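Here's a solo chain for you in structure tokens, the form predicted alone.
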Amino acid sequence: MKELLAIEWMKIRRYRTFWVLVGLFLLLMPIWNFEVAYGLINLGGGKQGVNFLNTAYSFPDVWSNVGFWGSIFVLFLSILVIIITTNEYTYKTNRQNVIDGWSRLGFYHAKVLLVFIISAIATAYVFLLGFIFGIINSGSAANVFSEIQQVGYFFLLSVNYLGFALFLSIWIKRSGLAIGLFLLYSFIIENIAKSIINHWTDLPVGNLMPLQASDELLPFPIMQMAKTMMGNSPSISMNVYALATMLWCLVYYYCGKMILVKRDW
């Protein structure tokens, strides 16, 4: 296990694209949250504008707020997984791994482990940002662990997105096409399908689609407040969304494994 991860690290540690995409995630996350928290993005503009989100950066609301914005910036990490994986096919390093004694499943599991490690590090970073913003805006660590499950939801969302990106990479093997399909599906195809399904069902079953299931764990704060105030729309519990997310991750894993084992390299 350690040997697989050591080799993966050797492959990416001097890869400029890796550091650029990771750097974008690490840099843009605090900058964006700072702008939202301190009213630089106001309704009406200027100092007289109204900022609806600054109060959401004290405990315990900070966890859902930082988690939601993190769910957007996790797209950088998803694209990173696609590039890292498809490069193995482009430069034939996947075949070299097998020649050096790896099995196909060893190669695959190294990438799966990378997905979990990147997700864990991103989650730790989200926790750190949430803790810092929460301390600054709350003035104390009271209620710091209230609603802390939102951080766990971010981990599930990250594994879901990165796992889906890994599946597409194994299936398509070309970075440009895989990235294009990933963005097309996540922004357009799934949203259209979700809307159609929800229109014809009593419960929002369309929300259980692959990426949407984890998106529902970290909804946009204002929209969530509006839904709570209305209180008259049918809903699915967070536990169901979390379970659906984990099941989809297993589907990605199994499908990617079957493709890798049965298809020629």
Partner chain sequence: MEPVLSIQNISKSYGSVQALKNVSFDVPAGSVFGVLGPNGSGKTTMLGIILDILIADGGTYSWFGGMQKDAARKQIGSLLETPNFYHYMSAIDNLEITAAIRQAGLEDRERVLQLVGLTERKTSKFQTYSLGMKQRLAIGAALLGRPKVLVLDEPTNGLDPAGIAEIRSLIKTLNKEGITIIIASHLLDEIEKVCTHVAILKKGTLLLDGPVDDVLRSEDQLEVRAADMQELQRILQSMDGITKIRLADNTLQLACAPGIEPEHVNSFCSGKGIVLSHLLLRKKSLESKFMELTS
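Positions refer to the first chain, counted from 1. Note that the coordinates shown come from a computational prediction; the quantities given were computed from them, not determined experimentally.
Keep in mind the form predicted together with its partner chain is missing from the figure; the text below concerns it.
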In the model of the complex, do Glu3, Met10 and Asn97 all put a heavy atom within 4.5 Å of its partner chain? yes
With the cut-off set at 4.5 Å between non-hydrogen atoms, does Glu190 touch its partner chain in the model of the complex? no
Would you classify Trp102 as touching its partner chain in the model of the complex, given a 4.5 Å non-hydrogen atom cut-off? yes
Though only this chain appears here, would Tyr91 touch its partner chain in the model of the complex if you measure heavy atom gaps against 4.5 Å? yes
Is there a non-hydrogen atom of Tyr15 within 4.5 angstroms of a non-hydrogen atom of its partner chain in the model of the complex? yes
Is any part of 250 to 264 within 4.5 angstroms of its partner chain in the model of the complex by a non-hydrogen atom, and which residues would that be? Val261, Lys262, Arg263, Asp264
